[in-house]
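In structure tokens, one chain follows: the form predicted on its own.
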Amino acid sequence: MSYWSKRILTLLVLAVVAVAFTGCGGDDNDAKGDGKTLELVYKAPDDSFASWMKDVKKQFESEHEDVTVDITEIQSNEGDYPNKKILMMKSEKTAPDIVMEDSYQIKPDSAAGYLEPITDKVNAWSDWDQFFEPVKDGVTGKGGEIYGVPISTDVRGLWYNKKVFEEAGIDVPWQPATWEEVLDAAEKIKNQVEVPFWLNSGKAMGEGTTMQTFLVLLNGTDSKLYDEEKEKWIVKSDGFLKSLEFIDQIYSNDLGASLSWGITGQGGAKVSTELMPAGEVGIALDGNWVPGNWQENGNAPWPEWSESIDLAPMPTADGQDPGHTTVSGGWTLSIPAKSDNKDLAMEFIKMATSKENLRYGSQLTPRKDIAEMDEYNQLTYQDKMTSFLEFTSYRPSYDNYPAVSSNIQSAVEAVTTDNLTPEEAMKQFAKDVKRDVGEENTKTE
């Protein structure tokens, strides 16, 4: 038996044993006799989430005297958690009632039948109107069914150095309306900083290159990566080419990072923890989490960072509607299809994600009413980052997405290193995706 086969078998045995001892799973009766046990699983370590759920558990149990809520942590890294969670959801004996689900996994997990659609439940819930409409797309599967309630989200934008811009004669606050204006600004500050424009562009950066760079660009064009109606991957389009051409202009005009470190897995950390605090980055296309590095307990404390750094949304290519572009991810609470307590699970999720209970910390909230609270907006630029949710989009994370994403990373790096022209890289991407997902599952726009 292979190592991974043994691992999977071990996990299955542990899951079944855990159910035997806790009394959860298919039997509605718990140790209290006539009561019910509601089990929630989450990816550990996450002290903030655990603390939040314990508070909701206390409130929920006080309002449902016959219910016990079990909060089960799954110790794992980012890659292991989805597999362990799926193993639990596959069996009626081990399926929990609520799972902490990455929005990235909503489409494949729902398509595989692991998640329960909750469309009717959320549509009958008045609070559902308080969630940002684009964020709801991130919990939507095939056929428009809803498979979770968002608990957090994120965005990407242009972090720029105000002092560098002012020295170059660029008006601050900066509000570029087109990609051309972004490139013009990078050109004007070219001789003032080590990195005029930073963006993830190497295969070593994995999904960061796909999500934080390429998809932000592609979604700023009139093209898409996936045709939802025909269920086909779009392997050639004007927008795909235009996105690669933008990246090519950055590097062919010496506006990007040095390739000696800029396409390595450590490139992003070098930019945010060393070069930005040193004033050596003009513009960085990156996520809302970047300032977390500069907090007192961050990787590179920088108390005065807001005096130098501001944030602008990435514009669409030619300023076409909606005017700006970004991409989001985030976590949700979902109900496994084999849960025995679906209605009760939904009641718990509604309580946890109410305006009064939903926590956010340094993350962005998916709720519009929380986004209006003074307490929420105390963090620097929190209101500005949250406003990006009005025009955000999500990855088409169907079963073949990982292979498509990997090929995007290859295309971006080939253009970055000047090994292929944008036209050649798109042609190679089309060839590779047809090989990986089947030509019948692709189309040309």
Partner chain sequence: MAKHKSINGNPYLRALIFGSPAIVLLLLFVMGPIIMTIYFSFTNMALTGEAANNTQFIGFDNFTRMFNDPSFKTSIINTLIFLICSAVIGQQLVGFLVAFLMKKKAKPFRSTIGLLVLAGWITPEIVVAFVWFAFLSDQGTLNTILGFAGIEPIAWLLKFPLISVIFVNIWHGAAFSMLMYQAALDDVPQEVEEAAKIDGANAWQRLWRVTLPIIKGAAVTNMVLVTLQTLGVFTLIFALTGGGPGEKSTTLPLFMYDQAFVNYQLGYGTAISLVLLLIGIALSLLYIRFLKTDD
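All values reported here derive from a predicted model rather than from experimental measurement. Residue numbers count along the first chain shown, from 1.
Absent from the display: the form predicted in complex with the partner chain. The rest refers to it.
Among residues of the shown chain, Pro402 is one whose heavy atoms approach the partner chain to within 4.5 Å in the predicted bound form. Not displayed here, the partner chain is kept clear of Tyr360 by more than 4.5 Å at the level of heavy atoms in the predicted bound form.
With a 4.5 Å cutoff on heavy atoms, Ile86 counts as touching the partner chain in the predicted bound form. Within 4.5 Å of some heavy atom of the partner chain in the predicted bound form lies at least one heavy atom of Pro82.
Contact with the partner chain in the predicted bound form, defined as a heavy atom within 4.5 Å, is made by none of Lys162, Lys188 and Phe391. Stretch 103-111 is the answer when you ask which of 301-309, 317-325, 103-111, 177-185 has residues with heavy atoms within 4.5 Å of the partner chain in the predicted bound form.
Of the residues in 411-445, those that come within 4.5 Å of the partner chain in the predicted bound form through at least one heavy atom are, in sequence order, Arg435, Asp436.
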